[in-house]
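First, one chain by itself in structure tokens, the form predicted on its own.
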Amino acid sequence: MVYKSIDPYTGKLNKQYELISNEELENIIFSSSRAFRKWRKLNIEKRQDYLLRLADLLEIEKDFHAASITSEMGKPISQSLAEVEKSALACRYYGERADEFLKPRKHPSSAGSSMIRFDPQGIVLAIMPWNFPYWQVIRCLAPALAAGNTVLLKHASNVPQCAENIENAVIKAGFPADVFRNLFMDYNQVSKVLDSEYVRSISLTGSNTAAEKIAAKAGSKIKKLVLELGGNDAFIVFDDAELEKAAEALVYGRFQNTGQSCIASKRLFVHERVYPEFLNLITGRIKTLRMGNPLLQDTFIGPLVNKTAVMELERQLNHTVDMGAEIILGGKYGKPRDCFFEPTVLVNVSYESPLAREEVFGPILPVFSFRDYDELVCRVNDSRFGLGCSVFTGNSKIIEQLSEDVDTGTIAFNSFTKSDPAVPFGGVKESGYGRELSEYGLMEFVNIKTITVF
């Protein structure tokens, strides 16, 4: 296995990287464990200072890092810049607040009072995907390092330059040696890392197939695991919604990153009273999205990550059309030497079709209408996923009801769903378990220790 960086727009090989040897791997794990002993003892304010330096560096060098994202996975450059800026924001968030989160707390107990400490666990193994190659890493790295852990990164094999750049940024920010290391390794070597007594927890963002394997291995070794997996998020528009605002949010929430996002709005539900009007609004907006060279500032739709992704979307689209769906916009894909797929909208979609049941990682939107509340909740929750949901309504009663009734980890009203360093992020059902970001995300990487003196 070789890690290859291939530009999905040009098809050209940027660079390739050989796997590390098993001997190198063992040495790195051991070095990380030794670094942990010193790093955990470092004053929390000093650890925060390193994160603030990393935030500054990412902001200063954001053009360089954004270009790496675009050249490796095709994200339009304006969105790549936003990803780097958001990564810096996460570093700054923990750099400014980790001491508050980790401060020991008194707690009532049978002894009158006990003390709760938050101690680091050890090495955290981060297994991360290609679709947000900086953000996904940083939102694990920042809280894990702030808590006093060290981190080993196994990044997706198609974004090795991004992985290397993140490691170099950590070094340039002045972090001590071996506190964070990037590893170019195969799946057999991942298993070796999981076997190590020094590795105490795993954070994985990726496919359900990969999660099943990692979770089984982690479970056999009794290791802590945070899983952020697939999604099939609903976007709901009620008849009292501000339709223009909802249309703008829907188009961005579905088609950003060319639809390659676990938290994208993948199923649109529109109340029948406003269905025709809203359909006209969104198709008009989608037609204006510029598709092309991802290095141009006004490009919104870039290439998919590779031709395999195009073929998978083709399968899902064709099967859904065979089941009676009608394409009302787009549908063209798979030009001989590129990875483009037009933004596509379908109606009359079967609830049993791939576009309704599966995670769709690309710019395709199935549209459904609904009449009453109970029907809506049933359809929205009829999914093996439960990551996020977006709702447009001005009805406070509906907001209160849906907040309880929708079975997801996140629900956003009058906006599209997005992650934020200040609030916990994660899913339920086959969208995973555990939480990232905020104080809750940091607590995934600590030993919550109770101390009682009788």
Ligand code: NAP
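This is a predicted model, so every value here is computed, not measured. Throughout, we count residues from 1 along the sequence that is shown.
Below, we turn to the form predicted in complex with this ligand, even though it does not appear here.
- In the model of the complex, this ligand sits beyond 4.5 Å of every heavy atom of Gly302.
- This ligand is not shown here, but in the model of the complex it comes within 4.5 Å of a heavy atom of Ala210.
- Shown alone here, Thr205 lies within 4.5 Å of this ligand in the model of the complex, counting heavy atoms only.
- The closest non-hydrogen atom of Ala66 lies beyond 4.5 Å of this ligand in the model of the complex.
- Using a 4.5 Å cut-off to this ligand in the model of the complex, each of Val190, Ile214 and Phe361 places a heavy atom inside that distance.
- The partner is absent here; in the model of the complex, the one residue of Trp130, Phe340, Phe370, Phe118 having a heavy atom within 4.5 Å of this ligand is Trp130.
- Just one of Ser353, Gln79, Ser157, Ser196 comes within 4.5 Å of this ligand in the model of the complex, counting any heavy atom, and that one is Ser157.
- Heavy atoms within 4.5 Å of this ligand in the model of the complex are found in exactly one of 371-379, 323-331, 83-91, 224-232, that being 224-232.
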